[in-house]
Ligand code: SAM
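In the form predicted alone, a lone chain appears below as structure tokens.
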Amino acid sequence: MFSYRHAFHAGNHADVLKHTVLIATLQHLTEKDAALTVLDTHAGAGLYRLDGDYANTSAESADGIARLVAPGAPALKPALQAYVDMVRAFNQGAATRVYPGSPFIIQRLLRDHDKLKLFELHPTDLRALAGNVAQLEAGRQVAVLHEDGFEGIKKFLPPPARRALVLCDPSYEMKNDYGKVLDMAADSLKRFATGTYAFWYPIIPRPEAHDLPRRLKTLATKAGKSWLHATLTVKSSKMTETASGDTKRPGLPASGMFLINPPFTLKAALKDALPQMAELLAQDRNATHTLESGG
């Protein structure tokens, strides 16, 4: 269960979607003075080197963040520009060598009275996360927890100030992660019905991946909650044949973000940014995007 390492994928097209949504969501939630608690169920290492061995192995950031910061890149829509500005804030000069994961993006946007709980089970990523967070000198604002995030968030819901954002983005390396996401969503809504819940998922040729947003939509609708569903596809999901006659998997072709109780400003921000995201990150003519909401 511990073979997945996000360092191989940092800054890819899925991160562009996920972190653009995350930033836009947090910018809205931090406009209110009341304290906010953010729970990151699968925090990873927190910071990633794009010029390191892991990232260079797959070079996925070349078709992600690198396209948005390349010389000659067009003017970006506000939500995409906010994402690029965030990544640039962790780098000196024009080169993008460091990529901030969700823990560091979140912490950068929080106020002094907000709290961040980071859950991570992978022993190597946990050590990296703890070391990276220690450099923030954030004191008690940020807590690193060696726990299963699916279960660990329960003790923090509802939060003291009755305001929370939960980000859930497991690797889905284990097929039962899809069911765990649904169970966590149902349990969390019972514990704290007014929280904002953001779920990232891969769009791959697997029934569970296609069922997940549909089942989350049903859950939100039955609970009487608003929802928003955004997807980004950058290439075909079909396997291709190499010159030597071997078949080649396409890698991750698409991903989605499903939010329950999203900020009312998010749909407009994504309606503006998603078409440009699909255009700039397209890897073939199958690139597209979708955006729907309800509740």
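Residue positions are given as counts along the sequence shown, with the first one as 1. As the structure is a prediction and not an experimental result, all values here were calculated from the model.
Below, we turn to the form predicted in complex with the named molecule, even though it does not appear here.
Participant: Which among 227-235, 259-267, 62-70, 33-41 is in contact with the named molecule in the predicted bound form, heavy atoms within 4.5 angstroms?
Facilitator: Going by heavy atoms within 4.5 Å, the stretch is 33-41.
Participant: Using a 4.5 Å cut on heavy atoms, which of Q107, S171, T196, T96 is close to the named molecule in the predicted bound form?
Facilitator: Residue within 4.5 Å of the partner: S171.
Participant: Considering D211, D148, D85, D183, which brings a non-hydrogen atom within 4.5 Å of the named molecule in the predicted bound form?
Facilitator: Comparing distances to the named molecule in the predicted bound form, the residue within 4.5 Å is D148.
Participant: Would L121 show up as a contact with the named molecule in the predicted bound form if we use heavy atoms at 4.5 Å?
Facilitator: Yes.
Participant: My question is simply whether D125 lines the interface with the named molecule in the predicted bound form - judged by any non-hydrogen atom within 4.5 Å.
Facilitator: It does: once the named molecule is placed as it appears in the predicted bound form, D125 has a heavy atom within 4.5 Å of it.
Participant: Given a 4.5 Å distance limit between heavy atoms, list every residue of 83-108 close to the named molecule in the predicted bound form, or none if there are none.
Facilitator: Going through 83-108 in order - heavy atoms within 4.5 Å of the named molecule in the predicted bound form - the hits are G101, S102, P103.
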